[in-house]
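What follows is one chain in structure tokens, specifically the form predicted alone.
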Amino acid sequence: MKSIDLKDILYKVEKPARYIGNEINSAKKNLDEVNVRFGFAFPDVYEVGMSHLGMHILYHILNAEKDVYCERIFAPWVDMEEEMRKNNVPLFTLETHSPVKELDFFSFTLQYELSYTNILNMIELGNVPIRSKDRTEEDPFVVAGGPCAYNPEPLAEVIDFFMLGEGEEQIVQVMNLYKEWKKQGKSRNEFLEMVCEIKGIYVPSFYDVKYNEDNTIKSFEPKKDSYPRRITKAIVDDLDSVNYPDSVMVPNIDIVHNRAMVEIFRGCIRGCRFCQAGVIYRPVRERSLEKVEKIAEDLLKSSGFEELSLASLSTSDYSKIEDLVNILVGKYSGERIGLSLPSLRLDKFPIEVIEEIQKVRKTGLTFAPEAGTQRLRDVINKGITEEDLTKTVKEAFELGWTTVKLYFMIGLPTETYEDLDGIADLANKVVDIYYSIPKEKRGRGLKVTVSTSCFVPKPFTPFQWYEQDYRDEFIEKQNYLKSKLKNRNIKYNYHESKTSFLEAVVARGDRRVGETIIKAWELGCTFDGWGEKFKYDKWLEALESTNVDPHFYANRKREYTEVLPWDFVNVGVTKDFLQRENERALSEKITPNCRMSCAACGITDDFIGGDCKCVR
């Protein structure tokens, strides 16, 4: 292996530290002692990818295997790509600066549908054929996992195999199998035949899809009886027992989340009906208090970070959150290490927790009511009330907070303009609460930020059958809110509807949408999630030239009987449950969280036994 020499191009690009590697705690191995080389590719720039907790976990687990070397690959920014192409420099790994074509696995994490053109760009920059059918015995296996992989079909032509579910144990199984296969000297296809027997592995080239005349899916069939008809996700049964990083890489430059992160639990007891993560990560499993404390100690000691984040889908639902905060603040406040608790819920935000956190560092408060009226919050099963918001912000203002961010979605099923009025009313009430507190008891300089995103129906949610609003409807609603949010203390932000529309097309797309993604990349689309790089006109051109009607995917209501592109994936939660939840949404009925009662979602059938005690 000969390292690629970057010295002639690095001085020409912005942020050359993105491409250097060799960070503190990064893995260094002798390639002569390595049997498998695994490339973990994040289809965005270094600063975004290095903030991804999943990458750090799998990087640590793979490098704990003596004869496996996991190296990182990030998407080069446009200036670097230009220099690489000009100088015939192929895509390379950060650890050894070697071409990705020399790897055994070129693996992508799918976190966002609008990163798919970056995946194609990275494959091509690595001199690896874009389509799996064109790869030879000399090419690495191109694989993918992550939340978006639960609908793998838009990338079915590109990816050799998908790894569905949680990777800690599954990925080691794949590595062990690969070593066996290599020893036996079998063919590439024989490895795919072997690997598809591992739980959660999906090899798209082993399946045929047929379509009805109305363009819906007629059937999805394995080409051989030996291939699994359904792909069941892999999960980790006990979080305490799996390997978690005891050190974390310290980036060379500022990244999006520059801090140590401890995942305190996985899954979510809530049942927000728009939320895909709340379904695909079930069942809920917690790390023990002692384990979290030990991990935090190791990470802080090895990294020198000044902030520790307790990560999960709903941090305040950790059953011992107050004990944990007290322990960590007591231990680290003297060292001025800040504690960050993302994803807090309004109804579970104990004032004692606020007081403990602010002893070290005070940051802004972020809440996500998601909808402006109680009726619509019940439709989406948010499970919080206006009183939860007003009570919490009042207490926060009395403790000196002055910055509040409120997140909402527009275009939710059954939404009316009264629900939009509710967003403006809530924001104005927050301002009124601040001014109701005597001057001497509140901080100075109130800032309330209201942000709205456009609802994107996602697979494996009770709203997976819904049509998305058309773009002009979104724009009309955004303009309406602009006219309503005129208070000088309130700033209104909203997401661009064009990207949400494309996200909806890809999120519920099938194999035909894959052709559009390839065409869009051929037309020059990359970094679609970056507003200034998004080329909407090129995407429209790609849709037209591949004869794909985007409204069929984004703006069409599905019947319950329709075969959905992801129906062959078993996430544990049944389609019957999702349908029941959708009906309850239409009746504006709340479903209690899993700690209050079991809603028979089905997760206990395939994953943790037959009772309903799925919160452990």
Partner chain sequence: MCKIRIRFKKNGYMIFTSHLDLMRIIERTLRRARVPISFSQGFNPHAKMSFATALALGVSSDGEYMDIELDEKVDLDNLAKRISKELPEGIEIIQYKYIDKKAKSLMSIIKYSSYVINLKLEKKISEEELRGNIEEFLKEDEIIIEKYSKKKNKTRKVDIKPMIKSIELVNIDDENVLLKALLAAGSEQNIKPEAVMEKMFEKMDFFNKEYVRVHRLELYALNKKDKMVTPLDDSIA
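Positions refer to the first chain, counted from 1. Predicted model, so just to flag it, every value in this text is computed and none were measured.
One more form of this protein exists, namely the form predicted together with its partner chain; it is left out here, but the text below deals with it.
Q: Please identify the residue among 478, 170, 115, 303 with any heavy atom within 4.5 Å of its partner chain in the model of the complex.
A: Selected residue: 303.
Q: Answer with one of 337, 110, 543, 280: the residue that has a non-hydrogen atom within 4.5 Å of its partner chain in the model of the complex.
A: Only one listed residue qualifies here, and that residue is 337.
Q: Select, from the options 120-128, 368-376, 286-294, 243-251, the stretch whose residues sit within 4.5 angstroms of its partner chain in the model of the complex by heavy atom distance.
A: Flagged stretch: 243-251.
Q: Applying a 4.5 Å heavy atom distance criterion, does residue 10 contact its partner chain in the model of the complex?
A: Output for residue 10 is yes: heavy atoms within 4.5 Å of its partner chain.
Q: Considering non-hydrogen atoms and a 4.5 Å limit, does its partner chain approach residue 442 in the model of the complex?
A: Residue-level check for residue 442: no, no contact with its partner chain.
Q: Should residue 451 be counted as a contact of its partner chain in the model of the complex, where contact means heavy atoms within 4.5 Å?
A: Because no heavy atom of residue 451 falls inside 4.5 Å of its partner chain in the model of the complex, the answer is no.
Q: Wondering, does residue 270 line up within 4.5 Å of its partner chain in the model of the complex on heavy atoms?
A: Contact with its partner chain, no.
Q: Taking its partner chain in the model of the complex, which residues of 26-56 have any heavy atom within 4.5 Å of it?
A: Counting only heavy atoms within 4.5 Å of its partner chain in the model of the complex, the single contacting residue of 26-56 is 28.
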